[in-house]
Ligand SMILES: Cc1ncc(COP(=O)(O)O)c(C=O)c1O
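Given as structure tokens, the chain that follows is alone and in the form predicted alone.
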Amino acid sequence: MTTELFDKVIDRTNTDSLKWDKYAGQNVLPMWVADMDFAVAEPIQKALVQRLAHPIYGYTPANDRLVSAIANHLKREYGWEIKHDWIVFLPGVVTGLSMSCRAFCQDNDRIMVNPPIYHHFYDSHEGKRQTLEKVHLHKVDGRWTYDIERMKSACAKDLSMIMMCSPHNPTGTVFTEQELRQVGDMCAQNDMTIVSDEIHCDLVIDGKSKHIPTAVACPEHADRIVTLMSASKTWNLAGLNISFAIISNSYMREQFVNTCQSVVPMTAPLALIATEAAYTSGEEWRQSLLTYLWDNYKKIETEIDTIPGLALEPLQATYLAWIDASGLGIDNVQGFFEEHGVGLSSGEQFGQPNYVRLNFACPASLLNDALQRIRAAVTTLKS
């Protein structure tokens, strides 16, 4: 599969795109929300067209083909053998975070999160019932990872859960088996539930790292783990709204399902069709995507390295570059770049105000344009 597929610039005007409509009528390139500017893989498009040919779109439960496709993918990619009844379908991973807090936490419980982290980790809990215990990641040899000693110190009887992001958004870290085992052992010692958001698991792009599901790294603790996954980030299906939880503990799974009852809607038929096609026929497209994303990341690395005041964090997974802009000495970094034609995500929402996040899942020509605008913006600070 050639790079031409990903090089093509697709006009997204008049599609009600959240990403692009934010800057409608402005000369601002949107490089913010995690939504790719690539055409969905052809096998997925064909599967959707085939389903649309039938004129009725009624309530549709997940069928055995889809469940088998997910199980086969997990076994092939991660050596993880799951039982089909472990899977609970959801409209999104954020829903899974929210339902986990409601299913497994009591009044006055504390939930651990590790900033900087995807902003919905800060608002998925019930604010009047639980509080967050923020234990920041730290750098070891330039790589963001868990500060396990500080995490252990934070544990107490009323700390009932940790919400993890693995691979990590926004730092791009792929945690090692040892790192995951340390977290698993800590949680077991303190009787904590583990909720592991692994939506970026199929987007390891550095060619060296390997994602390990938390439940695979810690099999002896698997019955306290809720794993949240989706094909949406990898195969650009975000607007179809589908994810799934994997819960091996039957008692926890029943609690989770009961909490979802009458609150969480069924997944839509087109979302189910697209997910099945992604896991059964989307692998060639994914492999080409990973190569293209890595090439884009290396472009960013080359450019940012020569722009004073900016530092690119090393990245192993995701298509989201984490850029330290503290060297610029300005207060509103996101606003500054927006004024100069680049719409980035503010680091403040993730817990690091002097950072910005850049979505590089776009044609190289758009990325080059964005990088030149970033360079031009920084140049104005010297004049």
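In this text, residue numbers run from 1 along the sequence as written. The model shown is predicted, which means the values in this text are computed figures rather than measured ones.
Omitted here: the form predicted together with the ligand. The next part is about that form.
Only one of 169, 193, 196, 267 has a non-hydrogen atom within 4.5 angstroms of the ligand in the predicted complex; which is it? It is 169 that has a heavy atom within 4.5 Å of the partner.
| task | Find the only residue in 312, 159, 307, 94 having a heavy atom within 4.5 Å of the ligand in the predicted complex. | result | Checked against the cut-off, the match is 94.
Residue contact check: residue 233 to the ligand in the predicted complex, 4.5 Å heavy atom
The answer is yes: residue 233 has a heavy atom within 4.5 Å of the ligand.
Given that the partner is absent here, does residue 317 sit within 4.5 Å of the ligand in the predicted complex, heavy atoms only? Outside the cut-off, so no.
Please run the contact check for residue 118 against the ligand in the predicted complex: heavy atoms, 4.5 angstroms, yes or no?
-> Taking the distances in the predicted complex, the answer for residue 118 is yes, it comes within 4.5 Å of the ligand.
query = If you check in the predicted complex, is residue 34 within 4.5 Å of the ligand, heavy atoms only?
reply = Output for residue 34 is yes: heavy atoms within 4.5 Å of the ligand.
(message) Only one of 251-259, 85-93, 141-149, 123-131 has heavy atoms within 4.5 Å of the ligand in the predicted complex; I'd like to know which.
(response) Heavy-atom contact with the partner occurs in 85-93.
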